[in-house]
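So this first bit is one chain, no partners, the form predicted alone, shown in structure tokens.
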């Protein structure tokens, strides 16, 4: 199976539960952002098997450590992960509470002359 090697390279045994996590994470046409709790809900919607939050957490962090996922801290209590590990920028829409991807080619040089305590620009937080 295509996910067994990814799990093993991440230092994880390829269990049924971890393979199901891989299905939800990597068997998609489009990349996506998620929190651990959002991923747990997606997994519950995808499978009838019970997968512990600890297994989801440990699997995600092992994948992030190996470079299969990118971690994006929003603030001290909220962290998102991205299945798109290419070099790109993120904005956080404060109103809709979601991450937005921007390709490097879509962003010009940023020149902020004033020291800002918060990096908020028109309800967007540059990450």
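Treat the numbers as computed from the prediction; the structure is a model and nothing was measured. Residue numbers count along the first chain shown, from 1. Under this definition, the rigid core comprises the largest set of C-alpha atoms superposing within 1.5 Å between the forms.
Quick note: we don't show the form predicted in complex with the DNA, though the next part is all about it.
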Does residue 100 make contact with the DNA in the predicted bound form, using a 4.5 Å heavy atom cut-off? no
Under a 4.5 Å heavy atom criterion, is residue 65 part of the interface with the DNA in the predicted bound form? no
Would you check, heavy atoms only and a 4.5 Å threshold, whether residue 84 touches the DNA in the predicted bound form? no
Report whether the minimum heavy atom distance between residue 28 and the DNA in the predicted bound form is within 4.5 Å. no
Contact set, 53-69 vs the DNA in the predicted bound form - heavy atom within 4.5 angstroms: 53, 54, 55, 57, 58, 59, 61
Verify the C-alpha shift of residue 38 between the shown form and the other one: is it 2 Å or more after superposing the core? no
Residue 48: with the rigid core matched between the shown form and the other one, does its Cα shift 2 Å or more? no
Residue 10: with the rigid core matched between the shown form and the other one, does its Cα shift 2 Å or more? yes
Have a look at residue 80 and residue 76: in the predicted bound form, are their Cα atoms closer together or farther apart than in this form, given the change is 3 Å or more? closer
Pair residue 42/residue 76, Cα separation in the predicted bound form versus the displayed form, closer or farther by 3 angstroms or more: closer
